[in-house]
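Shown next as structure tokens: one chain only, the form predicted alone.
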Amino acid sequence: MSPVFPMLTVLSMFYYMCLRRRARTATRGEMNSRRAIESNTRALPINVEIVQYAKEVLDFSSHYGSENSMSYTMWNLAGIPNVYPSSGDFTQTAVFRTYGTWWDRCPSARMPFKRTPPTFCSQDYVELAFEEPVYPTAVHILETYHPGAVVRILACSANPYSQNPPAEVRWEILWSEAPTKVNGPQARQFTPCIKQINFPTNLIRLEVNSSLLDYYTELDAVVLHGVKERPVLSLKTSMIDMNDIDEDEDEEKYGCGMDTLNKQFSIVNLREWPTNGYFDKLPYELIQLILSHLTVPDLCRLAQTCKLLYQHCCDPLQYIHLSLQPYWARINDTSLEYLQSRCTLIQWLNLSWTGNRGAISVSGFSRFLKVCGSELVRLELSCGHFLNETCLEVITEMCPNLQELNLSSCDKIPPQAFNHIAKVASLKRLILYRTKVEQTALLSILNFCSELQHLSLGSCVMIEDYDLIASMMGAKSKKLRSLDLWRCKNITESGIAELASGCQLLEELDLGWCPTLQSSTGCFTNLARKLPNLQKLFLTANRSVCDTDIEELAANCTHLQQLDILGTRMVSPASLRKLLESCKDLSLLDVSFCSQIDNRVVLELNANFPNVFIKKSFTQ
């Protein structure tokens, strides 16, 4: 055989692999910036580009603003810009509830789930509807204050304005990147390089991570560019990256991972092998330990290799703690059904963000909990819009050992449904932020759930009398360590007095934007004297906080670590110095819009107390 023949064979194979890879890339429209193909690709035929602002905000996980106003709410993302290109802190923008890592350093912080893939770092999201479905060519995000929070942009195949919902809803990632710190808080137009998709969309989702930000990020508007006809890519290329021959990493991470859950988890007819190599010599427990570091999609893939590893990957001990939030776009009833036999010992379950738009049904969720709920201790269901009264009833009946329940932003649950929670007497943590819980149900919960240590009632607008709620807490919730009353509209000094007298173990208290509290009644002085263990106190936007209150905190709350007094006109630099000298553990102090605390004072305090992050927002 001629020596030239093997060389020609190798070259032919290489050429075939290149063409195959190029065809697949063109079909999917991949535009990965890390593995870019240098080409003069152009769209054929030429379409007229449509430029549109968001018509409507459909869904979001949290916001700084109130449910009954427009200031600092996600609804400000609809329509044309209100602020851009100006920089600074403006009420007409969209602001999420948290920033930095401060909420992870307080008594109410929750333990993270293990096995969260490193590619998933989203903390919040907002979904925007546009008038016309288009094939996206660009997405512009107008950030007006502390930019850099957006980490993922996704497009949905479902048209929110269609009368006929599709049988299958697809989400495609247009762009994704790890959190990066942007130097400076100034406004910018963020236009990442997005990939092409094979369906038109008028539903865009932004996911954010604010952990690297120095202050709240503010978004003003989102602009979607696109064409009505699907672009056809020219395959004329000038150079091919050798790495393109490898399997596409992003498809592995995002595309087939949870499809594998639905399809490959049920595989039983695996090929017979005479031995399993060195795995036969390893102790069962050691293999289990090694597998415990894999993500759920990796377990799916490994289960297809041999019967021994299939057995290990299906062992219920691998699913004691399970977070499905990173795969929210692909979790459905079928996923839960395949997971049932593996989750009989599950103790921590995170289904936050999952199941919306019909992906998870009430019956599918109920079947899963009836099989897997008996050992559940922690259940995360944030933004689960499929949840209804039947779901809460099943939770309380099937999860007798439940200690932590997160229903944050589950705003579709009817008010009467929350009565069922009172049956879970073992509850230690309950998050009801942005829910429709009513006073009667909450009083029942407080009466029967006396083990509560962490309670979030932020933005619960249907509670009529917070003084009555505070009085019940003081009488029944003696173990309470953290309480979130953010934007509670009607608590007074009477409720604060009952709370401070009965809940003396409190370490964290959020009274931000509670307009009915007045310093002249002595309510803040009473708090400082009765709650010496306070580590975090937010009195955000209470204009009446004065020097006396700050001095009482300095004298009585020496363990204080975080204090927010944004917006007060009555606090002087002298009282802040006393506070900083007395509270040696203080690490966060927000004095934004405090009229007596100008930039010169902030610079001086920063110089004298370098371990304290002193926040002072500005408006251009």
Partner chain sequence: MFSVLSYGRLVARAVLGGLSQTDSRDYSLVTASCGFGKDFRKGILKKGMCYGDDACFVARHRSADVLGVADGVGGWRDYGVDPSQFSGTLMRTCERLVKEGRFVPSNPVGILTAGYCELLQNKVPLLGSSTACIVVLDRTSHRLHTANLGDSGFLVVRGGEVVHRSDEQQHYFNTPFQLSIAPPEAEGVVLSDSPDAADSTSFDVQLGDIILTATDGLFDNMPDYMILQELKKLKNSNYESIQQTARSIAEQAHELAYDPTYMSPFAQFACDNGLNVRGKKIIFFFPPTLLLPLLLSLRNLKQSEVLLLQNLIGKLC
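Quick caveat: nothing in here was measured; it's all calculated off a predicted structure. Positions refer to the first chain, counted from 1.
What follows is about the form predicted in complex with the partner chain, which we do not show.
Is it the case that Thr91, Glu218 and Gln518 all touch the partner chain in the model of the complex, with a non-hydrogen atom of each within 4.5 angstroms? Affirmative, all three are within 4.5 Å.
Does any heavy atom of Asn76 come within 4.5 Å of a heavy atom of the partner chain in the model of the complex? Flag for Asn76 set to yes.
Does at least one non-hydrogen atom of Tyr64 fall within 4.5 angstroms of the partner chain in the model of the complex? Taking the distances in the model of the complex, the answer for Tyr64 is yes, it comes within 4.5 Å of the partner chain.
At 4.5 Å between heavy atoms, is Thr390 in contact with the partner chain in the model of the complex? Thr390: no contact with the partner chain in the model of the complex.
Proximity of Ser544 to the partner chain in the model of the complex, heavy atoms at 4.5 Å: Within the cut-off, so yes.
Pick the stretch from 448 to 456, 208 to 216, 146 to 154, 329 to 337 whose residues have a heavy atom within 4.5 Å of the partner chain in the model of the complex. Within 4.5 Å of the partner lies stretch 208 to 216.
With the partner chain left out of view, which of Phe365, Tyr72, Phe130, Tyr433 would have a heavy atom within 4.5 Å of it in the model of the complex? Contact residue from the list: Tyr72.
Contact assignment for the partner chain in the model of the complex, among Trp513, Phe120, Phe386, Tyr135, heavy atom within 4.5 Å: Answer to the contact question: Trp513.
Which of the residues spanning 558 to 574 lie within 4.5 Å of the partner chain in the model of the complex, based on heavy atoms? The stretch touches the partner through Leu566, Gly567, Arg569, Met570.
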